[in-house]
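Single chain ahead, written as structure tokens, the form predicted on its own.
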């Protein structure tokens, strides 16, 4: 039975899972969610996601939700048969990867998400963009990226070697570059720009964003 991914292909969390699937070379079937009511039914809430969210991954009889948890599950189960190491065996390296994942969740994604909500989702809904929120979020992410610029000195990836931590950062950054007016925040920091270019040029990324 193939792996089934329930989600909206353009959503950031779903992209995160698709990137992981492609890095691991795994085949999957995408069950596209196009109507919000389909993930709010009693059956979906009871058996797929208790909060009615996406993505959800079904692997045989096993079901798991929340994108970061899904990605960790896929790596734990399938990495041994893949040609890529997203989470190494070395405890020190693993701990640092988890540290950078925490940075992404706590400091990197929140201000970028504020920008996306204003410049992408409000625009799609025909609602006004709150420029004050965009300005504040930009100031927040500028400070965060100044730290990343230092972290990435002399390194191609956050922990030196490519890992799940790098992968987790990309979907939100990519969306900022392609769908907002704020992409220059990355370009003005050479180490950050090099890091994102390294990610953008990986085969799994090219495949994911061509789908």
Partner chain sequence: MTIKVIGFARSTNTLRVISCLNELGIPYQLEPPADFAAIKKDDYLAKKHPFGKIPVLYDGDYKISESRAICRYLVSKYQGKYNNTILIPHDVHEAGLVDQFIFYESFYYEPVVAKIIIHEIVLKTPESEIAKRALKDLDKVLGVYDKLLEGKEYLNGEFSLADLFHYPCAHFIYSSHADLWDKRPNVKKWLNRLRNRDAWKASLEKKNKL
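This one's a predicted model, so the numbers in the text were calculated from it and none came from an experiment. Residue numbers count along the first chain shown, from 1.
Only in words, not in the display: the form predicted together with its partner chain, which the text now covers.
Residue contact with its partner chain in the predicted bound form: residue 50 places a heavy atom within 4.5 Å of it. Using a 4.5 angstroms threshold between heavy atoms, residue 96 counts as touching its partner chain in the predicted bound form.
None of the heavy atoms of residue 30 is located within 4.5 Å of its partner chain in the predicted bound form.
Although the partner is absent from this view, residue 135 stays clear of its partner chain in the predicted bound form, with no non-hydrogen atom inside 4.5 angstroms. Each of 65, 76 and 106 is positioned with at least one heavy atom within 4.5 Å of its partner chain in the predicted bound form. Applying a 4.5 Å heavy atom cutoff to its partner chain in the predicted bound form picks out 144, 147, 148 from 120-149, in order along the sequence.
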